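Below you will find one chain, with nothing else, as structure tokens; this is the form predicted alone, and questions on how it binds or moves follow later.
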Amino acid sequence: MELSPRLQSIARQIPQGARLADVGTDHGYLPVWLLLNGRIRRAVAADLRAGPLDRARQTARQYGQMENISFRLCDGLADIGAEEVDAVVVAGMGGETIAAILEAAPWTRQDKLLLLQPMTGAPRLRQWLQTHGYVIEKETLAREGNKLYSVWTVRGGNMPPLSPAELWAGVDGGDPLRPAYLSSLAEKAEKALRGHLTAQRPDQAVIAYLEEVLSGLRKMKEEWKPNDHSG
């Protein structure tokens, strides 16, 4: 079994011997791969829909891991207890959905490792984490086809305030894919800004915000130097 680059990036950050909750497990590839490679002790595979959970069961059955995975048909972490897991993966869904899942499970702030991978709404999710007692310890980028994905290592704690550009791009951790990531985000900010500038009734507050985001992203890219991140 081989994981996609996005899932590999998550798998590399799961601590040895952890008990994992994989929320939105889909085919169950991540927990099954981690079990096959002796990385985790047990897993809870959860999904909101029966179809994906059935596919996860098929994967577990195919690779002989049915005894090591508990399957839960539930919304987020609703049917998963804090005492069952050490690490929680919430990946492949929108940032607002991820925030709602964590808000409904405040125990995730208590000595748990969270690996989050939002597909959309990253600025809002960073803002939410900052104001709800979580800290992003690290952000790792993965390229899959033409897309870049950001995987966040998160724990309970206090996070320093983020600038508008940092809410979009996170704090630089020396990832070699960061310049490409910043370029991609700058393109999105430029497109959004053009849309607001040409609107019949331009919202000056939104325009000022997007200009600040775009300026910050460009500055981050200018200041990024590969040699500074060689260690």
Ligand SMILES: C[S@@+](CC[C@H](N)C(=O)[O-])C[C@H]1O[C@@H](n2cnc3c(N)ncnc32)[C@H](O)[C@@H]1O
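From 1 onward, residues are counted along the sequence shown. Source: prediction; values computed, not measured.
Beyond the structure shown, there is the form predicted together with this ligand, which is absent from this document and is the topic of what follows.
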item	value
Heavy atom of residue 74 within 4.5 Å of this ligand in the predicted complex	yes
Contact test in the predicted complex: residue 141 vs this ligand, heavy atoms, 4.5 Å	no
Partner contact for residue 27 in the predicted complex: this ligand, 4.5 angstroms, heavy atom	yes
Close approach of residue 213 to this ligand in the predicted complex, 4.5 Å, heavy atom	no
This ligand in the predicted complex: contacted by all of 102, 108 and 116, heavy atom 4.5 Å	no
Contact residue in the predicted complex, from 88, 91, 154, 125 (heavy atom within 4.5 Å of this ligand)	91
Which of 159-167, 59-67, 178-186, 42-50 lines the interface with this ligand in the predicted complex (heavy atom within 4.5 Å)	42-50
